[in-house]
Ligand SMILES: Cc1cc2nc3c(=O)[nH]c(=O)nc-3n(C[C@H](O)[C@H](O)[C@H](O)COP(=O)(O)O)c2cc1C
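Next up: a single chain in structure tokens, the form predicted alone.
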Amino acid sequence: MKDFFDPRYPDISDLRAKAQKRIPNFAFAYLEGGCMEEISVARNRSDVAAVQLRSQLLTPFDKSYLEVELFGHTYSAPFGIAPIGLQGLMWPKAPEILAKSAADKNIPYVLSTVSSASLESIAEISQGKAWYQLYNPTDNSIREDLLNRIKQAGYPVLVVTVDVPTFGFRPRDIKNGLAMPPNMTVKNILQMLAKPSWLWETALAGKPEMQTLKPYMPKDMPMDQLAAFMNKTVMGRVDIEGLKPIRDMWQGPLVIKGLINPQDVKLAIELGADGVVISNHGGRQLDAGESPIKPLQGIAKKYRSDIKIFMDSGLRSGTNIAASLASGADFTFLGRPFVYGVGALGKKGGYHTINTLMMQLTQIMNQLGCSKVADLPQYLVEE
């Protein structure tokens, strides 16, 4: 299973096409959607695709190595699985499937606070290798309890997302009345009935719910009040003052996710953060926002010796991963491609997606004549 690769789907776009046929439209729209006109989603893709690399062919070269060391652990590839909320809505047991695949393949899986799996169950499935992504609760008692649960479960790295000070205005989700579990409208019921594989797997798994947050949610809360609860209790604005108590309470590696302004990176370093994720939340929060590949190069040149620099948003291939690493990232994260994989291939989808990206990245590095991930910036064609 670890080395599973289905030759019918050699590209992430192939997985996407298959997943779209198997996932209900309202759930697939949540995965695909961005903010407002979705300009930022498209810009993320086009900007990273515009990065060019230059081969060096006459220098002696043996082979490429994908291994990367982070926070005392050597991972088998320079990419991990980014946190995505409501994964279990898009494909039943998706968090469990991806956490197991990531652990077996020795890459990090980052569990979202708004996942359909509990943090305790993912810690067990991943054998303590998964990272945890935290939306900083506005309620101090919830924050303290969550951090205690994360510590007790043995998560090695805490990732605090700061780029959701408010709910994104996402027209697709508004039209679909997205909820967790899904609203039982006639439209949504018909969409579910049209996807028998999803419906059968969901029946076996049980209705998706936000398991980690369930202890903090009022019992029998109507679905139309869920967004207000999340906005008021779970997803408050996180400034530098809001991060200080988390840094004090969390003694392990701390990563700040969602930065794109160099001044914010400077503040994160002063806070004592161990890493930052240069990201615009996959284009889901600010439609006029710049794509992360643009500021990444300047941030890396200025701060790479002071803090680990990661990137996500818009990455769909080994080529995109190589472009990000060449632009100065120490490591990358991808979200949508892994959900495509699970949606297309079920329990084998995580392994297939990881193996596909590893094969693509290896071919690119061999073609460049690049032995180590850390050397990729030498092959960047700078503007």
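Just so it is clear, the model here is predicted, and its values are computed rather than measured. Note that residue numbering follows the sequence shown and begins at 1.
Note that the form predicted together with the named molecule isn't included here; everything after this is about it.
Proximity to the named molecule in the model of the complex holds for none of P108, V157 and G275, with the criterion being a heavy atom within 4.5 Å. Taking the partner from the other structure, the named molecule in the model of the complex has a heavy atom within 4.5 Å of a heavy atom of Y30. Among heavy atoms of A82, some come within 4.5 Å of the named molecule in the model of the complex. In the model of the complex, S279 approaches the named molecule with a heavy atom inside 4.5 Å. Not displayed here, the named molecule is kept clear of A323 by more than 4.5 Å at the level of heavy atoms in the model of the complex. Checking 204-212, 109-117, 248-256, 262-270 against the named molecule in the model of the complex, the stretch whose residues place heavy atoms within 4.5 Å of it is 109-117. Interface residue among V342, A329, L357, L334 relative to the named molecule in the model of the complex, by the heavy atom within 4.5 Å criterion: L334. Among Q191, N136, S126, Q133, the residue placing a heavy atom within 4.5 Å of the named molecule in the model of the complex is Q133. Contact residues in stretch 312-337 (any heavy atom within 4.5 Å of the named molecule, taken in the model of the complex) are D312, S313, G314, L315, R316, L334, G335, R336, P337.
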